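Next up: a single chain in structure tokens, the form predicted alone.
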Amino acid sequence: MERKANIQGFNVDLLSFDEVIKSLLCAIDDGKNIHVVTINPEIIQNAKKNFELRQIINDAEMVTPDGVGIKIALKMKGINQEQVTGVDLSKKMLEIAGQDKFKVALVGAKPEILELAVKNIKEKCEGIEIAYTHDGYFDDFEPIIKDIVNSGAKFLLCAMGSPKQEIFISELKKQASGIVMIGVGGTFDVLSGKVQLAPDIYRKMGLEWLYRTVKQPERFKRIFPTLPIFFFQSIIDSVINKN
């Protein structure tokens, strides 16, 4: 039976990290397309104003609770759900790709960030085959989509930020067959080593957003007032809709 919860009109899958990984590997084995949206408060707030993004999220095969704000919103509904972040999913799936020998495609970020990310991935994931890469600075989706399909990649990480990454994946899904596609925002910055993950104590306390804002002050404009508005709306949502 599917386990989902609705957060302000968006369904979120209530799966553990291990269950998500198992589902993605099964999709690769079965030759199925899966679009994974790693949802956070910012994406939800944007999707409320962007019908195309909203539709894409609703059509995605899997929506994982990425941001701590989603975890808190679920707690308001009495659901204790672990976060399943784009960074953690990326690292684990890349590791498995090296072991199981399925091809990977990476799209997004600045050229120099992407280059560093590829270098680090190859060093950490023995045996990995990165079949295709492209930075995130393009407007014509079609040639990139064709190259990904022709590369034989079975796993795509798309790091172009929302909503561009979700729109790109939705277009790729129309032409691809048997690819697991995850929109991962700023994950390539982490994989490149340019951005450090928050220490465990911050993550356990749900304060990773604070650590990242201190380290990257430019994030402040993205978080505020988005996060306070999201929490206020989550309180209302939890009162009106208990599940």
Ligand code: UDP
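Since the structure is predicted, the reported quantities are computational estimates derived from the model, not experimental observations. Residue numbers run from 1 along the displayed sequence.
Here the subject shifts to the form predicted together with this ligand, a form of this protein not shown in this document.
Contact with this ligand in the predicted bound form, defined as a heavy atom within 4.5 Å, is made by none of I7, P41 and G69. None of 106-114, 169-177, 69-77, 91-99 except one has non-hydrogen atoms within 4.5 angstroms of this ligand in the predicted bound form; the exception is 106-114.
Of the heavy atoms in P65, none are within 4.5 Å of this ligand in the predicted bound form. Contact annotation: K164 falls within 4.5 Å of this ligand in the predicted bound form, judged by heavy atom distances. Within this chain, G206 is remote from the site of this ligand in the predicted bound form, having no heavy atom within 4.5 Å. For K221, no non-hydrogen atom is located within 4.5 Å of this ligand in the predicted bound form, even though that partner is not displayed. The partner is absent here; in the predicted bound form, the one residue of K32, R54, K194, R212 having a heavy atom within 4.5 Å of this ligand is R212. Applying a 4.5 Å heavy atom cutoff to this ligand in the predicted bound form picks out G136, Y137 from 121-143, in order along the sequence.
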